[in-house]
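First, one chain by itself: the form predicted alone, in structure tokens.
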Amino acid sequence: MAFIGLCDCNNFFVSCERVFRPDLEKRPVMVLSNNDGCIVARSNEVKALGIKMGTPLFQVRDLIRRHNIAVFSSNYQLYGDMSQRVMNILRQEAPGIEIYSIDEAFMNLGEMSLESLQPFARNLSARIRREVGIPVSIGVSPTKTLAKIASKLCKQYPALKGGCLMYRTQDVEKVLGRFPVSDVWGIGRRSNAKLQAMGITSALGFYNMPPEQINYLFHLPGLRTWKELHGEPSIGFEDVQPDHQTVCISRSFAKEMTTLEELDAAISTFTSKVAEKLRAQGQCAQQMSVFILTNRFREDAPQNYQIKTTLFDVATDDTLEMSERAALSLRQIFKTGYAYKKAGVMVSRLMPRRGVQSSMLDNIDRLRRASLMETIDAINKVEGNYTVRLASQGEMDQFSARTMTSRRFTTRWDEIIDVKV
């Protein structure tokens, strides 16, 4: 029997902050979204206070003062580097890994012996905590869906020491009987609503449904999840990440924007970042969309949402070409009299750079532009983001209010931790 492991970093953003601040252990900690607007990560102590994920910061200011909660703005440079350190250890220990998110990765454990799996998971969890400082929960099971459930058990039961092997039918059914069906990977809101209407609240209720009924009500995705719960692998393992189908950069602004000039700088910055991501992935885009929207939470202000989609004659990853087109799109959708709270740029219809079809009518020197983009990327990689940028482009951080960001302990020499002996 082949097994799959799932490594899930516990309260990842909070754990990253605690690595370099041991005084934060046992103290309630929360991390905020890009514009310090909502809560995106919570320590167990914050969860125990009843504060929900996504809660606006202004709603819990009294609780923050009352319970001495440590509050941080999101520090994605730190989180990204810490994630990479965890993933590097997984690559060393497992025959293959599939990165699922910044704080989760599946491991293909191949034909490891049954008796070695539990010690493997616990030893790996201990190594990551020792070498990176991040607590992780590792679930091991015959399928991805069961591995995710097993990893959640580690968080609930410290006695498992960060590693849980779950494969026997009686154990699976016992766990599913106490596991909410809404928390099962693959059960979305619509499917959960159907199940709740049928009186099915536990994963075991879904597990015990006949496959014919599952297929009729939830079609192939639901049947795939049902099979996974029964120990039948139905979700493939990808050692190599598939090509992205879209790339999107969007931000909520610290303050609402009412002028074209403000939005122009934001869109230029977002477009530059999208183009950079495309080049890093070796892809080009045939289609680009620019969108702007007002603050939907302000009932006292007029609402407006606009989007403009455009096609390129030749698929591109060129910052100059894309920014020029994005600026034109913005001018076509911008309307005065509105306060815009969020904007973004999304590209789609992606294809490998080597497969781009040229055009006889193309008036851009693609080879020279590619050399220019390569040089810009090389300089920015060494000297830092936005060292070389368009005149129309502003700094990314000016569009969000991250006033409580911790130091970038692992990526900036001038912010490295101080040690006194």
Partner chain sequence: MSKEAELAMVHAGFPSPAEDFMDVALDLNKELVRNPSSTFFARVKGDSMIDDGVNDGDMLIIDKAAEPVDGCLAVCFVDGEFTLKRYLNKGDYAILMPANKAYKPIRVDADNQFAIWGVVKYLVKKV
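Numbering follows the first chain given and starts at 1. The structure presented is a predicted model; accordingly, all values stated were derived computationally and were not measured.
What comes next is about the form predicted in complex with its partner chain, which is not displayed.
Contact annotation: of the candidates 131, 232, 313, 261, the single residue with a non-hydrogen atom within 4.5 angstroms of its partner chain in the predicted complex is 131. A heavy atom within 4.5 Å of its partner chain in the predicted complex is found for one listed residue only; from 345, 147, 121, 82, this is 82. Proximity to its partner chain in the predicted complex holds for none of 58, 340 and 404, with the criterion being a heavy atom within 4.5 Å. Just one listed stretch, out of 131 to 139, 174 to 182, 216 to 224, 149 to 157, contacts its partner chain in the predicted complex at the 4.5 Å heavy atom level, and that stretch is 131 to 139. Proximity of residue 419 to its partner chain in the predicted complex falls within the 4.5 Å heavy atom cutoff. Although the partner is absent here, residue 88 sits close enough that one of its heavy atoms falls within 4.5 Å of its partner chain in the predicted complex. Under a 4.5 angstroms non-hydrogen atom cutoff, its partner chain in the predicted complex has residue 410 among its neighbouring residues. Along 37 to 56, a non-hydrogen atom within 4.5 Å of its partner chain in the predicted complex is carried by no residue at all.
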